[in-house]
Every structure is written in structure tokens, then in C-alpha cells.
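Below you'll find only one chain, the form predicted on its own, shown as C-alpha cells.
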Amino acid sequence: MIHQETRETVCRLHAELVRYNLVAWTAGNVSERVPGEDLFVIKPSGVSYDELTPEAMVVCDLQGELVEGDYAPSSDTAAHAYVYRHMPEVNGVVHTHSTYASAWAARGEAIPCVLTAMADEFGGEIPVGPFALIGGDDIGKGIVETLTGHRSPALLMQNHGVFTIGGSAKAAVKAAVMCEDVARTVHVARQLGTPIPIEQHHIDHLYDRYQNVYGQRSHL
């Protein structure tokens, strides 16, 4: 079976969505671009997370057409494909319906940058993309239009849920985990009063430090 390494990576990362309580039942998906090819690997549609194996993953081309696999690809495949076609720097895409972030999406409201962790990871607010129906290019178009030129690797698609992008699928999963974490904290802060926005120059400083200085500089 070809593209085994990418299949194994994508399968393993789906377990992280379960681990961090970002998905329910069969909802949600992770995909990753196949290095050096116009292909990506994504979760099959409607298959339980407990039943996912590297062999169950499906390979699609950048038009979203099935190339290899025994199952039909995720219902979000067209959206992932659109992102890969129009954002060549993106190598991983994740979708979840995580509770707190999806609650912000249900209100059509961006998550304001009121935490240093948000400045670090997202470089500002987590924006809202437009309402779009599942199954075609509309979600992908909303992702690309909203995130092009934006620091945030995450957005909230109105009335839907979270989509994240990254230089790898692992980076996109991290963004999804962090998106839910800050969505929950800012929601709680709203219950207590009015969160205090971080000034833009402080956001810029925090973002630059986290992206370029923090940690051991190993690539996700």
C-alpha cells in the first residue's frame, strides 16, 4: 500500500482529537498532504474512531477525487482539497465540532484576543468564516478567504465548527486543541465580566516571541 507513512500519521492524529475531547461519534477529520505529490490523506466518512487504521485512511487528489482506499472519503473532503489547491503552504487541515469553539461559531462571533496564549498561538483573534453548506467547495472558499493574510491558523465557520490549517497535520491538530482551550477560557471570562483586550503592540511582541524564540525550535 502506497503513502503508508502519511496514512500512519493521519491515523495517529485522529486519536488526538478523541484524547482532547474535540469530537463526538464519527464527526471531525484530519488530513495531510502527501509530500511531493498532488495528493492528500484523509479520514473515511462515517467510520468510528475506534475502527480507524492506517489502511482505512483514503488518498485523494487535489480535486477531492478518491485515488486509493476501500472507503468513501470524508464529507469534508472537498473543503480540504480546496484549501490545498489554493494555499500551497498548507500541509495539514483539521475539522472539529469542539463544544466551546462551536458555541462561538453558533453566535457567529470571533474569539477576541484577551489571553497571552491566544497572542502566542493565533497572533490575534480567532476569526469567523461565513455560513456554508457541507459537501462542496463553499466551506473551502470560506476558509481560504478568511485565513488568507491572517495570522490565525484557526477559524470558526459560522453555525458549524472549527477548521484549522498548518505546515503539517500535527500543527493543525495543535491549533484545534488550542482553539478549544481558549474558547472555553474566554467563555468563562465572559460569565465573570468583560475580558480585557490585549493591546496590539503586546500581541505582536508575544506572537513574535512564541513563533521565533519559544521552545526547542523543533518543527511540528
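Everything quoted here is computed from the prediction, not taken from an experiment. We number the residues from 1 along the sequence you see.
There is also a form predicted together with a further copy of the same chain; it is not shown, and the following applies to it.
Contact check for D50: a heavy atom falls within 4.5 Å of a further copy of the same chain in the predicted complex. Not displayed here, a further copy of the same chain is approached by G193 to within 4.5 Å at the level of heavy atoms in the predicted complex. Within this chain, G46 lines the site of a further copy of the same chain in the predicted complex, having a heavy atom no more than 4.5 Å away. Remark: R107 counts among the residues lining a further copy of the same chain in the predicted complex, judged by a heavy atom distance of 4.5 Å or less.
Shown without its partner, the chain has Q158, N159, H160, K170, V173, K174, V177, M178, D181 in segment 151-183 as residues with a non-hydrogen atom within 4.5 angstroms of a further copy of the same chain in the predicted complex.
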